[in-house]
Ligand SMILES: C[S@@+](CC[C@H](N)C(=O)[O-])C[C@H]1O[C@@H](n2cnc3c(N)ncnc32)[C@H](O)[C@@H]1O
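In structure tokens, the next block holds one chain alone, the form predicted alone.
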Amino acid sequence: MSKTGAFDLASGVGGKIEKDDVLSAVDKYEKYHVYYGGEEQGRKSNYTDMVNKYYDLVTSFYEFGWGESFHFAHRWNGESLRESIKRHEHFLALQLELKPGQKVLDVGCGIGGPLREISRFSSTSVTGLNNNEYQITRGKELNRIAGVDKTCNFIKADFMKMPMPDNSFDAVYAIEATCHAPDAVGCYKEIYRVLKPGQHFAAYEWCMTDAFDPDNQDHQKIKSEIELGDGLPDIRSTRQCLDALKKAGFEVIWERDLAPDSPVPWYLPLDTNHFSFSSFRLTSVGRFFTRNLVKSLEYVGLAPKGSLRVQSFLEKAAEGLVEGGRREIFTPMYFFVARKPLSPSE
């Protein structure tokens, strides 16, 4: 079970950052972004610091509102958000053709919600790669509670420089995580290196679609809101992701943006015009209560100073995500399956 209480939310804000330093961390994080005068190059050259600060600051909020799996999902009519998230993860496992006993790598695993689900669904051993100490600590505890600590583990490392030997894994996947990479080709090359020849890499990527117009100020505003609220150096286009896969050496089996095929819009849980009891904390009413809860906890000193500002930029991200989804200029589920050839000449 995820943390759900107010005290858990308050005590988790800041992650491994000292509570007295949370406010200054929020200041520094915000200044990386266009919304506050930051530049893309600064975000890319300092991506490790930026992303670590982001997840230290927001993980508690994510778990409070979203559960253990921090991602969106293709969703059918009549399907709950939680059901769609599990099916989204099962779909990925099926596309990877996972077999019992295989060694699998989850690149950018968060607190391990997908890792645990995929391991149990496919009877595989899954290693989660994450560069954030707080999320790894939380993930290990959740592995223990779920009883998968013998088959699932974590490695603290940068996915641009993985500390694993070549050809280590039978399959690799990433769920809305490699969008944090400052260089897609470099990230995919590392994944290519640790994957065994003939095996598959599958991912859901956050991307701008072909409908995005870089000369449209409204489009740029939406993009910058998503980057600010989600710790991203720069959101790549679907075409850039596909090109990066090929440059890294992968053979692309198939690729498609799954968002247009979703009967229920992927952004619906964040839409303030939508109300749901099953995802109440994500609704406008739920966010109102959370905002005032955080404000009160910060006022009495149970939550560190700066907590309300974290809540604020997460809400700004939600606005950008909803608007980006409505205009179809952004997708969180550009999906692909790629294969590492058996030999360079194949």
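The first residue of the shown sequence is 1; numbering continues from there. These numbers were taken from a predicted model, which means no experiment stands behind them.
The form predicted together with this ligand is left out here; the points below concern that form.
Using heavy atoms and a 4.5 Å limit, would one call Phe159 a contact residue for this ligand in the model of the complex?
So Phe159 counts as contacting this ligand.
Could you tell me if Thr151 has a non-hydrogen atom within 4.5 Å of this ligand in the model of the complex?
Thr151 lies outside the contact set for this ligand.
Is Ala259 close enough to this ligand in the model of the complex to count, meaning some heavy atom within 4.5 Å?
No - in the model of the complex, heavy atoms of Ala259 and this ligand never come within 4.5 Å of each other.
Does Pro269 reach this ligand in the model of the complex if we count a contact as any heavy atom within 4.5 Å?
Output for Pro269 is no: heavy atoms all beyond 4.5 Å of this ligand.
Of the options Glu176, Glu255, Asp234, Glu79, which one has a non-hydrogen atom that comes within 4.5 Å of this ligand in the model of the complex?
Only one listed residue qualifies here, and that residue is Glu176.
Tell me, out of His180, Lys223, Arg75, His200, which residue has a non-hydrogen atom within 4.5 angstroms of this ligand in the model of the complex.
Only one option qualifies, and that one is His180.
Which single stretch, out of 96 to 104, 151 to 159, 211 to 219, 189 to 197, brings residue heavy atoms within 4.5 Å of this ligand in the model of the complex?
Careful reading of the contacts points to 151 to 159.
Hey, with this ligand in the model of the complex, do Gln240, Phe250 and Thr331 all fall inside the 4.5 Å heavy atom range?
Checked in the model of the complex: no contact with this ligand for any of the three.
Interface residues of 130 to 168 toward this ligand, as seen in the model of the complex [heavy atoms, 4.5 Å]:
Sequence-ordered list: Asn130, Asn131, Asn132, Gln135, Ala157, Asp158, Phe159.
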